[in-house]
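As structure tokens, one chain now follows by itself in the form predicted on its own.
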């Protein structure tokens, strides 16, 4: 049995979400000693609407990957109900998302990591660099463990300790994402919604149904985020006629919003960032799974080259520009008068029945 803290690893990966798991799976093809630090638990899983976007589906298809049925949840919905609480406008748009259990999805990706990659549970609390080596401090089972390595891969999301410590001059704008779970009473037909409300947020919120629950979440400026969230829920209830009642669960995390090309940080030397830690997340929809998978695979492939940092930067160059151009899309979506113009025009919208029936009756 390998004594994990008694060796010098080639690579330590901090974070085992889609970015970290993809990197670990792909790097297993090279002759590297790799340790993955997994800090996620069922109680501390990432708050997420849990919708798998077409770009992410395409990347999974390229890897010939399948999803087991326990990753997917009911119902599968093929349109998004877009609501502007300020103008009172509602439009439906066709979308091809897959409704899934995000924690189950992360566990599935981890299960695909080959046995030659070591995984340990714990939460990274510090990183020190000395004489070409990194010492990673991990809070583990009530104790503090230390692991040494030559390369660090930060796959630790929006609040990345790797980015904050080693790239403090490259801060990125962040929101606080808050999500609550409610019991679903079956009186309203399930739907997925995208909610805009300029009175409470300059970002977006969402609702989604999952296996008997209704989720309501959104991204808010960190200062006063909880007050804004509660006010927006009240406005949503008045607008939609849906009563949310007492939440079963409240969860929160940080979410990045890139605004400039310099917000994307891939790393340098023996330090690398992938996924949301690198800033790879859509500034318009906050979808990040596709970018996480792509960047994780790109970095693993870059390790086969002599100059890993330069190779990785080249491989993700088009991803940087793709996400940067979405800041222009965001400008149209989140500016009230342009959003109103687009929604009133009905461009790209679809017509659906507004009749709300009991979901169970609707199945037969």
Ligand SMILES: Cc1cc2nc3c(=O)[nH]c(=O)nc-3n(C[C@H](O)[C@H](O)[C@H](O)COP(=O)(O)OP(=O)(O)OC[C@H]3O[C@@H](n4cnc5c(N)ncnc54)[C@H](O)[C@@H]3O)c2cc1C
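Residue numbers count along the first chain shown, from 1. Just so it is clear, the model here is predicted, and its values are computed rather than measured.
What comes next is about the form predicted together with the named molecule, which is not displayed.
Highlighted residues 49, 253 and 286: every one comes within 4.5 Å of the named molecule in the model of the complex, counting any heavy atom.
Picking from 181-189, 77-85, 222-230, 150-158 the stretch near the named molecule in the model of the complex, with a 4.5 Å limit on heavy atoms, gives 150-158. Among residues of the shown chain, residue 16 is one whose heavy atoms approach the named molecule to within 4.5 Å in the model of the complex. Taking non-hydrogen atoms only, residue 124 approaches the named molecule to within 4.5 angstroms in the model of the complex. When contacts are judged by a 4.5 Å heavy atom cut-off, residue 26 does not count as touching the named molecule in the model of the complex. Contact check for residue 300: no non-hydrogen atom falls within 4.5 Å of the named molecule in the model of the complex. Of the listed positions (316, 323, 333, 37), a single one reaches within 4.5 angstroms of the named molecule by any non-hydrogen atom in the model of the complex, namely 37. Checked against the named molecule in the model of the complex, the residues 236, 166, 134, 206 give one hit for a heavy atom within 4.5 Å, which is 206. Contact residues in stretch 221-235 (any heavy atom within 4.5 Å of the named molecule, taken in the model of the complex) are absent; none meets the cut-off.
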